[in-house]
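Single chain ahead, by itself, as structure tokens, in the form predicted on its own.
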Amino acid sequence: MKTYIVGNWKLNFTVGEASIYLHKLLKAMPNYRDVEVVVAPSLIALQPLSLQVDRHKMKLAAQNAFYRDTGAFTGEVSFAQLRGIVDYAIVGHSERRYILREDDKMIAKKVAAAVRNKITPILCIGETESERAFGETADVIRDQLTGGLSEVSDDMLDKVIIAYEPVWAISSTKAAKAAAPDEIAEVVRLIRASLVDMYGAVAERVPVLFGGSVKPVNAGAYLTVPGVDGLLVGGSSLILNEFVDIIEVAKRVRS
């Protein structure tokens, strides 16, 4: 199975800045066949960067898209319109759940729309600090997982990636805490067990990523957690040397 390193640029870089950064990143990183490197620029940068990116080295992801392919939906961009531009799409990120109020029903439609348009959805799930403090982690994870995959049939499952990103560990949140490998391992086991309960043995092949204040100093520890197939990187994906270092750590750990 591949190791995935996904950089989420969030609301950073102008189109020009994104182009310059991508050029430097492509120049700095080697071509690792067993490490799938993906970056998710802002929406307006996707089309020009799709003409610039070397797809042998790196793939592009959307940070979000709308679940309907066409129609009277002012301000939205559909997965159908992104087809051929991106290979992946981040769906259900905590910032869209908790800031922009996307619920599991909408997220499920987006997951299905991505698969329908031959874009691999990276479904993000994770509990808040208060949910963890009240012992609700398992319930939250199961609910978000079953809700987000409610429109995914058995034959669609191999087109989906799951990313466990606890909200309390994301560096952009106040008082973020680094997740310990044993904490991650516990939830990853739960995710994998839940997937098997839902889909059977075929679910064992679903890649599971971890995201939450990932940096070069902890990337190796996170990648050696049993059941973790890659990392979803936020702030460090915006810093050239740090992102390249994380990619190189992934290569060393998996070699």
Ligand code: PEP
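These numbers come from a predicted model, not from an experiment. Residue indices: 1-based, along the sequence shown.
Just so you know, the form predicted together with the named molecule exists too; it's not on screen, but the next bit is about it.
The stretch in contact with the named molecule in the predicted complex, judged by heavy atoms within 4.5 Å, is 93-101, chosen from 178-186, 149-157, 125-133, 93-101. Within 4.5 Å of any heavy atom of the named molecule in the predicted complex lies no heavy atom of Ile119. Proximity of Ala40 to the named molecule in the predicted complex falls outside the 4.5 Å heavy atom cutoff. In the predicted complex, Thr3 stays away from the named molecule, with no heavy atom inside 4.5 Å.
The named molecule in the predicted complex is approached by Leu232, whose closest heavy atom lies within 4.5 angstroms of it. Contacts between stretch 212-226 and the named molecule, counted in the predicted complex as any heavy atom lying within 4.5 Å, involve Gly212, Ser213, Val214, listed in sequence order.
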